[in-house]
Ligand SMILES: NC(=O)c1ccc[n+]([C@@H]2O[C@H](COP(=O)([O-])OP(=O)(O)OC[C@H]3O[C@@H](n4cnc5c(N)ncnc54)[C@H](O)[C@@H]3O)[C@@H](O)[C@H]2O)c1
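Here's a solo chain for you in structure tokens, the form predicted alone.
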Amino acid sequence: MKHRVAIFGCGRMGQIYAQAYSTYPDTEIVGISDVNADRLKAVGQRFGVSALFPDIDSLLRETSPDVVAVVCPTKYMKNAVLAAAEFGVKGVSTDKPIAGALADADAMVAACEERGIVYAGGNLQRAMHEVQAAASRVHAGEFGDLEGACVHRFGGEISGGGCQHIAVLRLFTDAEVEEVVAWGTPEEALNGETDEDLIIHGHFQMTSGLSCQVFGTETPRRGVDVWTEDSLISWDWAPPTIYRGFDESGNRLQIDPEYAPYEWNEFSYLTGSIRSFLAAVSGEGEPWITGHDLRQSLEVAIACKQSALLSSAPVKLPLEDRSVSMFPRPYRWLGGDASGKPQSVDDAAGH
């Protein structure tokens, strides 16, 4: 039996989801919704979907999907997720960032938890099967006990792209960030209404007792490192590199990680996100990236800005004030149509 999939939002990223869900043998797109009627028609024709709707309510009511992929701008994600949860779908997914206000992220996660709905995250490298495999080996103790961690180049959009870093850090360490001390630059970005161009340096204390240094500006790496007495596991926006042991000069020795092939590989790390989501909907495990993961990334980002604005005062997590917020750049928050970066109908049609 095929999963009946509805897609809410058919912009550039929504079209990638549509391509994936129209490719897999066990999924069927039963409807698409978007506020841009011309783009909606073009995307529907491109993927052979005739059930097209202007809003989430009619999409749910007329198609009765099993799962809903919410791929709209962040501002509209909460209402879409709550509508899907109220309707009673089996699973819902969103992309990043999950929300502007932390309370909105809480509401989305809680609504799905209360109804037993699988809430998956989206296009994050935490869902790359090699990242999952490396983390499983760390958790199994193959490399010994973790002794440290660091995050590289945490800046630009710490609530958007920064989700990648926090999600992988939490996965590798199997822990939450419980305290943040941060410095933010430049001054205009730190005091801005969004997190655009904000660079964060600092320190994360993890619930496991591990200490994590955060580098905002350029280093030789770009992602997350964790290490043990003789091993280093390094995620740098690609399958993690693993070093184990040292040569005669004391340099680390890179080893072949011997990652097993993954059954699905068509859409980079979105593949692991979607396939693990569908497996979870079928009762097999948990999504490799969840709504909870997206919420935790947002909370850490907000804590970083709070600490930086308080002259690097320590900020404890979870944050007591859930009304706090951090907004992404207009393209992520409002979408291309409203932020001056619209997609042409020809491009949406795949021409």
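When you see a residue number, it is the position in the sequence shown, counting from 1. Treat the numbers as computed from the prediction; the structure is a model and nothing was measured.
There is another form of this protein, the form predicted together with the named molecule, and it is not shown here; the text below is about that form.
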- Query: Are all three of Cys10, Val35 and Arg332 close to the named molecule in the predicted complex, meaning a heavy atom of each within 4.5 Å?
  - Reply: yes
- Within 4.5 Å of the named molecule in the predicted complex, heavy atoms considered, which of Trp227, Phe87, Tyr259, Tyr76? Tyr76
- Task: Answer with one of Val151, Ala134, Ala105, Cys72: the residue that has a non-hydrogen atom within 4.5 Å of the named molecule in the predicted complex.
- Result: Cys72
- Message: Please tell me whether any heavy atom belonging to Asp95 falls inside 4.5 Å of a heavy atom of the named molecule, as the geometry stands in the predicted complex.
- Response: yes
- Query: For Arg295, is any heavy atom within 4.5 Å of the named molecule in the predicted complex, or not?
  - Reply: no
- Message: Is it the case that Arg39, even though its partner is missing from this view, gets within 4.5 Å of the named molecule in the predicted complex, heavy atoms only?
- Response: yes
- Is Asn123 one of the residues lying within 4.5 Å of the named molecule in the predicted complex, judged by heavy atom distances? yes
- Query: Among 242 to 250, 178 to 186, 214 to 222, 95 to 103, which stretch has residues whose heavy atoms lie within 4.5 Å of the named molecule in the predicted complex?
  - Reply: 95 to 103
